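Only one chain is included here, represented as structure tokens and corresponding to the form predicted on its own.
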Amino acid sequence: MAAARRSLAAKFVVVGGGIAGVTCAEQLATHFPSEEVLLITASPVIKAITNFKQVSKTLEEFDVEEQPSSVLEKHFPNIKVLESRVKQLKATEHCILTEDGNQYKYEKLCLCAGAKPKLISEGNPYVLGIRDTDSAQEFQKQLMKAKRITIVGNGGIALELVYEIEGCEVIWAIKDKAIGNAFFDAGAAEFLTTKLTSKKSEAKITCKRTRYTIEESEKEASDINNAANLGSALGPDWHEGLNLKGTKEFSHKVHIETICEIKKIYHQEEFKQLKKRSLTFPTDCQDESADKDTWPVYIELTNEKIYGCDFIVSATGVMPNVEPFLDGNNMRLWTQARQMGNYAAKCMAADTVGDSIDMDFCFELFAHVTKFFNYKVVLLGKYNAQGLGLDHELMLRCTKGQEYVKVVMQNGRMMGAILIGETDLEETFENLILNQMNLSAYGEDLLDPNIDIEDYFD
């Protein structure tokens, strides 16, 4: 017997059970304890922030846990979590329709519906996208049987994968000249690339923001076939607790193909029929030789090279989940998701009571802390000289295997910085960017490793 359809109304409705949506719902529930807040999510679990710590004015650290929605409802009795996908938004009628046939009226609506993987080939069983916990675990299962994989993409997930994977050859195809193009410059990329040739013997650094615990009963209830569409986004450290190891007994074995994309994907039978030639895994002493092994799938790159592999990881970005919200209506990093959800709630609350609201401080300076190749990475301000044209200069300090520090200067003032490693400079540089002090008098002393720059600006 089908469940009875229902129609609910609330002053506030939030769509999305990720960091942004949950943060928004929590703030609204706090501001308006007597009002019911409806949180509509397609996943049986929600993302919750724990152990939040304000490191500096703009930098934050926190853990992220996957929790059943009942935990959120227990902490906030006026939040009601509804598990269903959104089918349609009727903006003029202030109404959300869900796929289970229910409808929810609202006075104010916040859409935090996230995104889904932008796969290089839809429906191909040899192409995996990594989006949420379920798809990450499916990747781990496939990797355990693999001798070689191909990773396509140059974003955060691709960067973490190539470093964390052991015992498996990795062909890494990127469309840029250097790795991590969206995060840092060619100098920082070269600093990090040397890590791929070394063994991972060092202890992992702690990055308090993105650790996951999974409620087994809730996980089993989820539909793994819909994982790519349902789950909330992964962030840095998503691989904690996963055994990312292939069938071989070596550490890193990564070959990078730059300035190329996937031209064609061939299944084994198709490749045999076409009688094409694939290449062995390139090494220092052997390159461009024919591969005698047989692989389940083959990739042809736009640079005309062909490699065989066990499967392909498509880490080529995401597409916003906008389909249910566009028809008939006029209407995309992790710490930013918390901030945006928080600010959205403030705006909704202020409008409800007729107050004005100032721009939140978190938007005054771009600040992001993450981890790549077991290095702490901090990006501040215009860290790649975005929008500064040619009217800027760079200052650099690099100690191989330890740290990479780059600052962007304009007219004697610090505009941005990239900090890789345990530099302890993030708070000082953040303040220098915010207060726009003229630093011309300090010259290259700013990056002199023998001078404690923090003492200058206490």
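Given the structure is predicted, the values throughout are model-derived calculations rather than measurements. In case it trips you up, residue 1 is the first one in the sequence shown, and so on.
What follows is about the form predicted in complex with a small molecule, which we do not show.
In the predicted complex, every residue of the candidate spot (I157, V318 and T370) has a heavy atom lying within 4.5 Å of the small molecule.
Although the partner is absent here, E261 sits close enough that one of its heavy atoms falls within 4.5 Å of the small molecule in the predicted complex. At the 4.5 Å threshold, heavy atoms of F183 reach the small molecule in the predicted complex. Within 4.5 Å of some heavy atom of the small molecule in the predicted complex lies at least one heavy atom of K175.
Using a 4.5 angstroms threshold between heavy atoms, V152 counts as touching the small molecule in the predicted complex. When the small molecule is considered in the predicted complex, only one residue from I120, L128, A146, I79 comes within 4.5 Å through any heavy atom, namely I120. Of the candidate stretches 112-120, 344-352, 296-304, 69-77, only 112-120 has residues with heavy atoms within 4.5 Å of the small molecule in the predicted complex.
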